[in-house]
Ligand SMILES: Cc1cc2nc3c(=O)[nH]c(=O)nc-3n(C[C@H](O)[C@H](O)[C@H](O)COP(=O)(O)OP(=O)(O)OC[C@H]3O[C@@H](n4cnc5c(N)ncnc54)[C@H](O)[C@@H]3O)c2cc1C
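Starting off, we have a lone chain in the form predicted alone, written out as structure tokens.
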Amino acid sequence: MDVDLLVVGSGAGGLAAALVGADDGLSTLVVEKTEWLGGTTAYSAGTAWIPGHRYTADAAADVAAARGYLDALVGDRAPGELREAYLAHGPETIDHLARLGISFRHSASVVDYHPEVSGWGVGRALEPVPFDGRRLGVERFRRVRRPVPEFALFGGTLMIRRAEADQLLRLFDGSPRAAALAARLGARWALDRLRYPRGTRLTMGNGLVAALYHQLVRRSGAVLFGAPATELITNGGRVVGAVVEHDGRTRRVAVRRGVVLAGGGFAASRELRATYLPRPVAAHTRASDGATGDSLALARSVGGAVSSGVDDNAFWFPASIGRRRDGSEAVFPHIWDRAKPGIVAVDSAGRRFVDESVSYHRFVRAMYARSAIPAWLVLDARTLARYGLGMVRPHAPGASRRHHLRTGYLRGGATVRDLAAAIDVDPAGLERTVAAANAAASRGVDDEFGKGTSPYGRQYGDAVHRPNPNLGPIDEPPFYAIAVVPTPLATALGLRIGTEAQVLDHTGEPIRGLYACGNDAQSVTASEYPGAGCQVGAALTFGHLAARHAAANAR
């Protein structure tokens, strides 16, 4: 078998590289080690952080502000030239993908994750438009990795946008618009289930990878599933092929223009987490099961260099660990729910240690800094019923709550002191914390951590709650708590790359014919998380750059 461009991995970066290469006339093959398309992107929101994108009123000014923001946030912990490449080529990547049929909508109100840093912005995030999975056909549709079940309806079979989730919650207020939306979505889902294993209206990261896959196939690109690459082949210092296992056979794939490594980093490798991530080592991840660092080993075998470790080498969210009714393990990412009024996070002493509404990445860093592992999210019966928490849905029936109490996922107590005993934290400390939270809620001011003052946190609070959208009382028994632990959603340590995504050796020279993007490549923002979609945005951008460089070398 021989191709122009071989891509290892089928997340956003790999599929973008494959699509751009195929559109430039390269014969393109994607090899995916698992049986499913999409990698970790398929689990994610699929958002792309692209300063200066097409919807920005003054693109040049936004890029300049973002440059200052990233310089202040990241500094010299990642190569400045990679940030420059990201900022310079991100908007053109989105424009190019739009011409290829990959569309995004503007998330105009989404705030960057560090509004305390000069240059932060609003509206730099782009959301993938929903994709009609029927366009793939039944068999290709079945290959798209299913989303996190808890982030969809009907057992993970009906995907919705986050804005739609907020609107559907108004059903409990009798909203006619919410009822109409529910009817439309439900009717489409019911028709889909007559032929497909789940609803075919794909949103978020599922929609993005499915759209990339569809456009790749239209341009005669191919994807092999269950096909791990086990070796890179070199000739005269250039990567000219790979060995791939598929269908019980060993195949040598000759490659004329380049190999793009896009295997997703190593968040799913227990061994590599223990080697590179902080202690206590995370026992769980929400990353794709294929993200085990294989691609990094491939590159190192031909002289590729791994970037220097910086800080905690990962991107984080706090997760609660539960069991679904079918017995499978659920790793629930607490992305937004911590910001709701009436919720505090405490350590083993029963004390708060952070503004609960900060970004998920910053929240976990605070957990490590204060040794708050696990941390407990504490709330009362009123707040749990109204907003839900983790796997406990808003307005969930009593049977659902009792199920989670029986499994131990949810802990409860008739009094705050009883709850403290149930979660093994200091009772006096927890009582003081709850009393202080109630006083802060009545005043609308959090003197300890400033919850409710950050534009980032306020966007995920309750806009109609007064006097502070992020502060509410904890005073209606029974009282509840859910444990959360640090969980890597992806890794920041990766292969050293140049500004055109070429993998570099230990001297800084490019290895001809070898590229990397996504979490296989070093993070352009080190271990910092500037805004929603920075990982997908960088993956798309450097996947695009890799393919264009390979195509240019074909001419």
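Don't overthink the numbering: it's just position in the shown sequence, from 1. Quantities reported herein were computed from a predicted structural model and do not represent experimental measurements.
Omitted here: the form predicted in complex with the ligand. The next part is about that form.
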item: Partner-proximal stretch of 262-270, 91-99, 383-391, 451-459 relative to the ligand in the predicted bound form, 4.5 angstroms, heavy atom; value: 262-270
item: One residue of Phe151, Trp189, Tyr368, Tyr196 in contact with the ligand, assessed in the predicted bound form (non-hydrogen atom, 4.5 angstroms); value: Phe151
item: Single option in Ala526, Leu29, Ala66, Leu489 placed near the ligand in the predicted bound form, where near means a heavy atom within 4.5 Å; value: Leu489
item: Gly543, heavy atom within 4.5 angstroms of the ligand in the predicted bound form; value: no
item: Contact label in the predicted bound form: Pro333 to the ligand, heavy atom within 4.5 Å; value: yes
item: Phe479, heavy atom within 4.5 angstroms of the ligand in the predicted bound form; value: no
item: 4.5 Å heavy atom contact, Ala45 and the ligand in the predicted bound form; value: yes
item: Contacts with the ligand in the predicted bound form - residues in 4-35 whose heavy atoms fall within 4.5 Å; value: Val8, Gly9, Ser10, Gly11, Ala12, Gly13, Gly14, Val31, Glu32, Lys33, Thr34
